[in-house]
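Just the one chain here, laid out as structure tokens, in the form predicted alone.
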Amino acid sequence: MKEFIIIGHKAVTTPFSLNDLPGAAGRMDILCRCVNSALFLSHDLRRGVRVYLVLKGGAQSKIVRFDGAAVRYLSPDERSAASLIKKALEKQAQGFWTESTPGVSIKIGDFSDLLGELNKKITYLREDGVDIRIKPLEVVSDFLFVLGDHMGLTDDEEKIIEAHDHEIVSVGPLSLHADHCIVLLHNEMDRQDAFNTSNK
């Protein structure tokens, strides 16, 4: 299982207009692009991927989860992902996962809660991390990647990561959008998987 956490610092926690994802929805467009980059292949979905969106632009943080093995009604465009997020926010969120549409669930919680629930080694994407072309990602069956939105992560969020088993990596020398980083991570893992399979 490959899991991605993307923190949306301004992403609203109440239903929003699909006509203004960058503005009134609190840069929900960034999160939608991340969902699509994490889940879509050319003519299929990555079934072994889950995406967690931490929405922090409201009085109480909420988390929306996309499960590649079960998600339905998702098309490779921002508006489609946004529609599923909006439907999730229309549900009465609790302190446990509630499914809003097939493969999409929501709960009340914050970044720290989520890391505690998943309880995995964290691979944190940051510009000054170790380049994955210099030190390749470990060959493991489970990955948990953490990425920030256009604001990056706060000092407090980085301290939360530091309290867990973690590594800090980068996908290259330049600052990239989070969704582009996800594509590059997948590409590296796809190449590793193909190499390992061909050498068995």
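Being a predicted model, the structure only gives us computed values, none of them experimental. The first residue of the sequence shown is number 1, and the count goes up from there.
This protein has a second form, the form predicted in complex with a small molecule, left out of what is shown; the following refers to that one.
Undergrad: Which of 66 to 74, 43 to 51, 135 to 143, 166 to 174 has heavy atoms within 4.5 Å of the small molecule in the predicted complex?
TA: The contacting stretch here is 166 to 174.
Undergrad: Which of these residues, K121, K107, K91, R126, gets a heavy atom within 4.5 Å of the small molecule in the predicted complex?
TA: The residue from K121, K107, K91, R126 that makes the contact is R126.
Undergrad: Please run the contact check for C32 against the small molecule in the predicted complex: heavy atoms, 4.5 angstroms, yes or no?
TA: Because no heavy atom of C32 falls inside 4.5 Å of the small molecule in the predicted complex, the answer is no.
Undergrad: Quick one: does V12 come within 4.5 Å of the small molecule in the predicted complex, counting heavy atoms only?
TA: The answer is no: V12 has no heavy atom within 4.5 Å of the small molecule.
Undergrad: Test of understanding: in the predicted complex, would G26 fall inside 4.5 Å of the small molecule by heavy atoms?
TA: Close contact is absent here: in the predicted complex, G26 is far from the small molecule, nothing within 4.5 Å, heavy atoms only.
Undergrad: Taking any heavy atom pair closer than or equal to 4.5 Å as contact, tell me whether A178 reaches the small molecule in the predicted complex.
TA: Yes, A178 sits close enough to the small molecule in the predicted complex that at least one of its heavy atoms falls within 4.5 Å.
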